[in-house]
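In the form predicted on its own, a lone chain appears below as structure tokens.
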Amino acid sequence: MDIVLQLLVSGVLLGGIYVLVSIGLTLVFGVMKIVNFAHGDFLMLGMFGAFFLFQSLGLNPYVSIFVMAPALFLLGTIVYQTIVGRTISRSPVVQIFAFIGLSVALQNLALVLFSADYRALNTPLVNKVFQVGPVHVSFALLAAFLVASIITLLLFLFLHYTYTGKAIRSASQDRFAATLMGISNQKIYRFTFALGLGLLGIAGCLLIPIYSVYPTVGEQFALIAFVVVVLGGLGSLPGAVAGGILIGLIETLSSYFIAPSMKQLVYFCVFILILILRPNGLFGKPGAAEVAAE
């Protein structure tokens, strides 16, 4: 019984990380109706940034959040102005190739600047584990889960109770009507894309104590993020939370009861089964995918 409780706690904490990585992706899709195929590579930049801030300045990764989140937000603004904004209203093929090209460029840039070496932090705080009853909890996992919960709650409140948040929601629901109400869709898209990357800056700082960073590390997280977002429902914030927790639980339980090498197979089988029963995902709205393809 204790081992099952341990697995459930570990699965929920792991799911918190997947939520944090996924909410930026689902936010951008929900508002802009584009799929950011370079999502994982921006996360890689966030992890490298937190790593080098620790190596060069001794800055704690959790303090680095206040540096990397604004830095990635600024980078998102620049990328939107130079690349992403020019693909809005173009065909989906143009958007797909633009993001894939951006992904390849970022990976190769990281390879040239940082080499292909795996880099990891090793501090007493990162390796700290404490016990609550029969359950052992990793400090790094718990910190990532708590921050993910706070960020998700703040994002929800921002979208529902601020003027900018309401403008973002209106632009996501009907671009034409939002324009008639005096909302600049371009400004909303630029802000949303930058916000999505700012969230990845936070995620990078929280992941670097747990995972090694290397130029292609974003691929493993991007795949999981896409599964979480599609499973929860494209553009749905509650869906990303439910999908992330569900994938974390499935991965942990299947690793223990079946085999670690089979965890991806198991959650992809569950993923396909749920999509057969609910094609729009757990919290998705009918037609979201069609809108994206217009």
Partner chain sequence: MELVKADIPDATAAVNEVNRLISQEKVKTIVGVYASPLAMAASEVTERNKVVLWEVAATDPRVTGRGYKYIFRPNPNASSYGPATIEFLTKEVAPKLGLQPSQMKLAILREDGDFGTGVTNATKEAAQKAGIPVVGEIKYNAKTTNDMTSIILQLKQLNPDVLDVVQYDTDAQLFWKQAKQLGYSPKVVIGNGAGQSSDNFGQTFGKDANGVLDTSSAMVINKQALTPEAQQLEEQFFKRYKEKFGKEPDLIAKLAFSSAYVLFHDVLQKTGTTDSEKVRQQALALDLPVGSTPVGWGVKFGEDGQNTRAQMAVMQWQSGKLNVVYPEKFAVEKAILIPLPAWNERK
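Numbering follows the first chain given and starts at 1. Predicted model, so just to flag it, every value in this text is computed and none were measured.
Not pictured, yet referred to below: the form predicted together with the partner chain.
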| item | value |
| --- | --- |
| Full three-residue contact with the partner chain in the model of the complex, heavy atom 4.5 Å, for 37, 87 and 89 | no |
| is_contact(residue 260, the partner chain) in the model of the complex, heavy atom dist at most 4.5 Å | yes |
| 4.5 angstroms heavy atom contact with the partner chain in the model of the complex for residue 141 | yes |
| Residue 60 within 4.5 Å of the partner chain in the model of the complex, heavy atoms | no |
| Exercise: residue 136 in contact with the partner chain in the model of the complex, heavy atom 4.5 Å | yes |
| Heavy atom within 4.5 Å of the partner chain in the model of the complex - residue from 121, 110, 151, 79 | 121 |
| Among the candidates 212, 179, 164, 186, the residue which, in the model of the complex, approaches the partner chain to within 4.5 Å (heavy atoms) | 212 |
| Candidate stretches 192 to 200, 215 to 223, 90 to 98, 171 to 179 - the one whose heavy atoms come within 4.5 Å of the partner chain in the model of the complex | 215 to 223 |
| Within 239 to 262, the residues that have a heavy atom no more than 4.5 Å from the partner chain in the model of the complex | 251, 252, 255, 256, 260, 261 |
